[in-house]
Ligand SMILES: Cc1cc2nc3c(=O)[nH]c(=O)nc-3n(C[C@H](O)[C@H](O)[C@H](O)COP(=O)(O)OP(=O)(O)OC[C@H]3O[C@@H](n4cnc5c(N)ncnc54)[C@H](O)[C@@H]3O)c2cc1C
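Taking the form predicted on its own, here's one chain by itself in C-alpha cells.
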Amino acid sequence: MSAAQLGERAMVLGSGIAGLLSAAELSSSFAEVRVVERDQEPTHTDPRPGLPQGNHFHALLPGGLDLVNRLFPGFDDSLVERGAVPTVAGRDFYFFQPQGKSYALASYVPEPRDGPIFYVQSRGLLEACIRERVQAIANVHIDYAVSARAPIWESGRVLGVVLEREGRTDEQRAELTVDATGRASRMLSWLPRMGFSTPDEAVIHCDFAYTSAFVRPRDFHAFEGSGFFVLPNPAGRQPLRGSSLIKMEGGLWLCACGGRFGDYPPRTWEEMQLWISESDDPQVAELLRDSEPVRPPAHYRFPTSCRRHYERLGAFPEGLIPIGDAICHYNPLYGQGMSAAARQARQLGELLCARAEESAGLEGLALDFLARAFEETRAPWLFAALSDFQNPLCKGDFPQEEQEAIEMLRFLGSVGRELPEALRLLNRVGALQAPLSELLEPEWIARKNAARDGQSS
C-alpha cells in the first residue's frame, strides 16, 4: 500500500451510476476496488434487469456531467460518438406549461437562452460508457451475478461483506464497504443487527407512474431541439397527465406518458397511443402517427420519494457507508438522481484524498461523509418537493427547514429577466452545478432584503 492509499481493498455494492462513480473515486485511495453486482454482466447497451427504470428517460444534468468529465476526460465525446444527442440547456429542451412554451421547468421562461450542454441518450448507453471507463482502471474489478448478503461485523467495525454466488457464500474482506444498491439497500435491516439506530425518514407521496416506448419515426427531425415535455394542465380535461418525446441514439425517439394519483398510463402501445390522444395537448399524439415501436413499452410506478437522514445519527458503523439512492431517492420526473449521486461520489473522493494527505485514516469517515452527502441532497430534494407539492393531492414531509432558500428561489425567479446573474445562479443550482448553500451567500441575501424593503416602503 502506497503512502497515498488508505487501505488494501474497498468494496462497492452495486454497479449503477452511484456504484461505478464511487469505484472510480475510491481507486486512488485503495490498492484494490471490487464492485459486486447481482445482475449478469451486460453484453450490450440494453439496460440491466435490476434497473427497473432502465427503459425510461435518463440524462446527466450539467452538474453531474461536469463531474463525470472530470473523472474521465473526453467522456462527453464518447457519448456523441455513440449517438447521444448534444443539448443546449435553455434552448434545445423545452416544456409546454399551461402558460405556453417554456425553456425552463421550474419557472415560465418563454424566451430561449443558451445554457450549459448536456446529452440525451438511453440509460443503457450512458451506463455502458461509464462502465467501460471504470473497467479500464487497473485496480478496479467488477464481479457480476454476485449478491451481498450481510456485512462482516467484527471488533466493532465492518470488515467486508458476505457474498453469494450460485448458492455458495464466501466472505470478502475490505477496509471500506460502500452500499450503492439504491432503493433496494438493506442498510435499514443491517444497522439494528450491529447495534445502531436507523435514520429518520422524510417521505413525499408523489405517486407518479409512466410508460415509455422506443419508437422509430418516419422523420427523426420532425420536432425542433432534442426533446420536450407536455406538463399537466390543472385546469384541463386531464389535469394529472403529461407526455414527452425525446430524441435518442440510433434515429429513435423515446415517447413517454405519465400520470399521477390514480390516473396511471396503460402498458400496451395501442392503449398508450389512445391515452396520449385523449390528453389536452395533441402534439405528441400527432407526431407519433407515423412512428412504430421497436420494443414493447415499459411501465414504472414511483409512489414515494424518500430521504434518509443519516446525517442526524450520532454513531455509524466504521467501515460502511451508503451512497446515492440508498440515502435519498427523488421523483424521477425531474431527472436528478444520477447527478446527485455523482456529486456524492465526488464528496467521497475529496474526503478520502484529504484524509490520505493528512494521514488521518478511515476512522470517523462515515459520519463525515454522511454530513457532506446530506448537503448534496438539499437542492434536488427541495426542487423536487416544490414541484410535487404544487399538486394539492401530494402529501408528505414538506422541507419547511428550507424556508430561507425557498424565499431566495422566489426572489431569483422574480428578477431573473432583469438580472442575468440571478438567472445564472438559479440555473446553476437547479442543474446541480452548485450546492443549495450558494443561494444564501451574503450578497444575494442583501439584494433580496433590499428588494423586500423597497416593496414595503
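Please read all numbers here as calculations on a predicted model, not as lab measurements. When you see a residue number, it is the position in the sequence shown, counting from 1.
There is another form of this protein, the form predicted in complex with this ligand, and it is not shown here; the text below is about that form.
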Next item on the list: Could you check which residue among 36, 408, 33, 426 gets a heavy atom within 4.5 Å of this ligand in the predicted bound form?
Entry: 36
Notebook entry, point to check: Among 205, 378, 309, 186, which has at least one heavy atom within 4.5 Å of this ligand in the predicted bound form?
Noted result: 186
Next item on the list: For the three residues 252, 260 and 297, verify that every one has a non-hydrogen atom within 4.5 Å of this ligand in the predicted bound form; reply yes or no.
Entry: no
Note to self: Quick check on residue 245: any heavy atom within 4.5 Å of this ligand in the predicted bound form?
What the structure shows: no
Check: Though only this chain appears here, would residue 395 touch this ligand in the predicted bound form if you measure heavy atom gaps against 4.5 Å?
Finding: no
Notebook entry, point to check: Could you tell me if residue 23 has a non-hydrogen atom within 4.5 Å of this ligand in the predicted bound form?
Noted result: no
Note to self: If we define contact as a non-hydrogen atom of the residue within 4.5 angstroms of the partner, is residue 18 a contact of this ligand in the predicted bound form?
What the structure shows: yes
Margin query: If contact means a heavy atom within 4.5 Å, which one of 143 to 151, 90 to 98, 220 to 228, 166 to 174 is the stretch that engages this ligand in the predicted bound form?
Written below: 143 to 151
Next item on the list: Residue by residue through 44 to 65, tell me which have a non-hydrogen atom within 4.5 angstroms of this ligand in the predicted bound form.
Entry: 48, 50, 51, 53, 56, 57, 58, 59
